[in-house]
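Single chain ahead, written as structure tokens, the form predicted alone.
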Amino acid sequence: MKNFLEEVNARIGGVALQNCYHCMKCSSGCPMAEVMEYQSNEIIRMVQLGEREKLLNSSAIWLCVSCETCVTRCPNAVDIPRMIDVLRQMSLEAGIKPAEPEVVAFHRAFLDTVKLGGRVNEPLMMVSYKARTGTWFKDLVMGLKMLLKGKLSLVSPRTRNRTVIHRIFKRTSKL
């Protein structure tokens, strides 16, 4: 049986997490570092030390925005966003309730709209997200301002060949 580090490395592919020598360049450039309970280099170290339960139950793995600043800064090209994706997937597979359920609701609303039309349908995505979280009026004023400034469209484009999109989702769906 693989230990936690071996399991994560196998699922990441590419550069092994052992290549991280904790220079902290990833964490110093991370725009989310100040709100995450564990910074990027700490997450790698926790994987290396086998702290599976602590990581899979943390909010840090759900707060990463996958901007890839960490990868750009890493002298060893460790793919931290890919590692975070793997940790999220492992958390969901283990049946652990996400520490940041609104993030999961947003991801699911986003993917559902892409699955439906091949592209993001912003109005449909917002309705889906609000229905999942029950936060119907939380961003209403900001949404109206965005609509008035033309930053939000009521009509979204669709992909011509949606069959291809459906095939992609069918091949890649796990949960």
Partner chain sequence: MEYSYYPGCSLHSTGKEYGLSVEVVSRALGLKLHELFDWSCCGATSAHSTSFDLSVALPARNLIFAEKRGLDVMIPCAACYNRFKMAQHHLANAPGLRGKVSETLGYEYRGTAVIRSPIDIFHQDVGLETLEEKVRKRLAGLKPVSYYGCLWLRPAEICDFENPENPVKLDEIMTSLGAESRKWAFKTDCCGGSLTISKTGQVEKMVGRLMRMAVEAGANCVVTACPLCLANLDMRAPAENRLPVFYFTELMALALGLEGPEKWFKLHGTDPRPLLRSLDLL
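The term rigid core refers to the most C-alpha atoms you can superpose between the two forms while keeping them within 1.5 Å. Positions refer to the first chain, counted from 1. On a predicted model such as this, the values are computed, not experimentally measured, just so you know.
The form predicted in complex with the partner chain exists for this protein as well; it is not shown, and the discussion that follows is about that form.
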Please run the contact check for residue 131 against the partner chain in the predicted complex: heavy atoms, 4.5 angstroms, yes or no? no
Is residue 24 part of the interface with the partner chain in the predicted complex - any heavy atom within 4.5 Å? no
Within a 4.5 Å heavy atom cut-off, is residue 89 in contact with the partner chain in the predicted complex? yes
Please run the contact check for residue 10 against the partner chain in the predicted complex: heavy atoms, 4.5 angstroms, yes or no? no
Can you name the residues of 106-132 that have a heavy atom within 4.5 Å of the partner chain in the predicted complex? 106, 107, 110, 111, 114, 118, 119, 120, 122, 126, 129
After superposition on the rigid core, does the Cα atom of residue 23 shift by at least 2 Å between the shown form and the other one? no
Did residue 63 shift 2 Å or more between the shown form and the other one, C-alpha, core superposed: no
